[in-house]
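What follows is one chain in structure tokens, specifically the form predicted on its own.
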């Protein structure tokens, strides 16, 4: 793995990907009350590409995902998905377009079974019974443990199993991109490895992933490109293959 030793620059424009990107975030500004959280964030995600968003806690990573998902509405800037403007749309509208969001808190339904949780993503207009069955089979193939626990209440699952369920529920929407916020936080190493494998499998099947993750080695291994965000500003971006744990950007923006 080569190491780029040049000092990180502060780009004003997100790097391009081959062809028109699936997702383009251009100069968005968001606020919580009077607090300016995102200060002109720009990034792109290509089709079936895995892109990482790294930074210390509280710098705007989760807010970036929420802005894309429609949970937070940017005050200015633009978000385009598959060539269509989506900034300001309601979360359910964004989801129907093909953007699935898996929050850090997972937000599964604790008093619904695994199957019932999955059906919340399946029971939508235009999905045939045969297609629903195929999607369930696919989720259970990805996560055999969920198949074993399909009748178990979500709230009784382990943390790792709940994360699996959250990702599987997102898969039920047949998204073009999944926004993953800290998917391996608090998980055992074996679970971390499995989540990493699933992220790679999603990309191979044509699903893009925008990954917020504190596990730097996993991010560098899984992602094609990585953005570094600091105080609501994208300060640096690079190919993951150009980075290593001793790279200057890792030290500067993560303190590793």
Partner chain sequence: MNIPFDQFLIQTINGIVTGMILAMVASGLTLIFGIMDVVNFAHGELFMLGAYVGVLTLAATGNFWIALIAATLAIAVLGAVIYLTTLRPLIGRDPLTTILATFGVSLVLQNYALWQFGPVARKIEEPITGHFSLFYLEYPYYRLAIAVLAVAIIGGLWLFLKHGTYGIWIRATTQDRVMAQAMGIPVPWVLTAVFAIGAGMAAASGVLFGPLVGVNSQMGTSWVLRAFIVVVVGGMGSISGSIAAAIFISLLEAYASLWVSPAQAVIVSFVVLILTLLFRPTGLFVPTPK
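Given the structure is predicted, the values throughout are model-derived calculations rather than measurements. Positions refer to the first chain, counted from 1.
Missing here is the form predicted together with the partner chain; even so, the following discussion is about that form.
### Message
Please identify the residue among 82, 123, 185, 148 with any heavy atom within 4.5 Å of the partner chain in the model of the complex.
### Response
None of the others qualify; the residue that does is 123.
### Query
Taking heavy atoms and a 4.5 Å cut-off, does residue 127 contact the partner chain in the model of the complex?
No, residue 127 sits far enough from the partner chain in the model of the complex that none of its heavy atoms falls within 4.5 Å.
### Task
Verify the contact flag for residue 119: yes if a non-hydrogen atom of it lies within 4.5 Å of a non-hydrogen atom of the partner chain in the model of the complex, no if not.
Because a heavy atom of residue 119 falls inside 4.5 Å of the partner chain in the model of the complex, the answer is yes.
### Message
in the model of the complex, is there a heavy atom of the partner chain that lies within 4.5 Å of any heavy atom of residue 88, even though the partner is absent here?
### Response
Although the partner chain is absent here, residue 88 would stay clear of it in the model of the complex, with no heavy atoms inside 4.5 Å.
### Query
Is the gap between residue 134 and the partner chain in the model of the complex 4.5 Å or less for some heavy atom pair?
Close contact is absent here: in the model of the complex, residue 134 is far from the partner chain, nothing within 4.5 Å, heavy atoms only.
### Task
Kindly confirm or deny that 92, 107 and 169 each have some heavy atom within 4.5 angstroms of the partner chain in the model of the complex.
Judged in the model of the complex, 92, 107 and 169 all sit within 4.5 Å of the partner chain.
### Message
Just to confirm the contact call: exactly one of 107-115, 138-146, 74-82, 156-164 touches the partner chain in the model of the complex at a 4.5 Å heavy atom cutoff, so which is it?
### Response
Comparing against the partner chain in the model of the complex, the contact stretch is 107-115.
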